[in-house]
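There is one chain below, alone, in structure tokens, taken in the form predicted on its own.
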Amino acid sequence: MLTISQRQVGSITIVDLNGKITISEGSAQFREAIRQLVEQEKPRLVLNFAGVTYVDSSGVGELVSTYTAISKQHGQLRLLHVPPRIKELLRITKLLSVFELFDDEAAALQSFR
């Protein structure tokens, strides 16, 4: 099961994720949470992966969809505390060059211009 909570720091929304993002659990919930943020015109997002234990190809697809939706709003997306296993998945799929990853929340927040 995926749990999602949100925090607001100025104009930046931090989305704390805990659990799995897979086709059978979490993927649809993740998609809906991001859709709501996009509809609320909150295009500056930090996705905190500190509590994410597993992401499958469906979850990677949702990340790409999130990036596309945020980019269409001229927004910015940062990934925070991405576990090594998920980072490796992003490297294999050549998505590491697409996303900006941070291990420090303050640095992620300061990276927004």
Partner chain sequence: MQEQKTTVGLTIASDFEFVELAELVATNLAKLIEFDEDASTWIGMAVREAVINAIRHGNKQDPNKRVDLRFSLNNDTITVEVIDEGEGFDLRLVPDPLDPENLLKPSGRGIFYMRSFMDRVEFSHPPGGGTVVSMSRRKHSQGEVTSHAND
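Because the structure is predicted, anything quoted here is derived from the model rather than measured. Residue numbers count along the first chain shown, from 1.
We do not show the form predicted in complex with its partner chain, though everything after this point is about it.
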- Among the candidate residues Ala28, Val64, Ala50, Val38, which is the single one with a non-hydrogen atom no more than 4.5 Å from its partner chain in the model of the complex? Val64
- Answer with yes or no whether Asn18 is in contact with its partner chain in the model of the complex, where contact means some heavy atom within 4.5 Å. no
- Using 4.5 Å between non-hydrogen atoms, is Glu32 touching its partner chain in the model of the complex? no
- its partner chain contact in the model of the complex: Thr13, any heavy atom under 4.5 Å: no
- Is there a non-hydrogen atom of Val9 within 4.5 angstroms of a non-hydrogen atom of its partner chain in the model of the complex? no
- Are all three residues Ser5, Val82 and Phe102 in contact with its partner chain in the model of the complex, where contact means a non-hydrogen atom within 4.5 Å? no
- Message: With the partner left out here, which residues of 7-44 have a non-hydrogen atom within 4.5 Å of its partner chain in the model of the complex?
- Response: Lys20, Thr22, Ile23, Ser24, Glu25
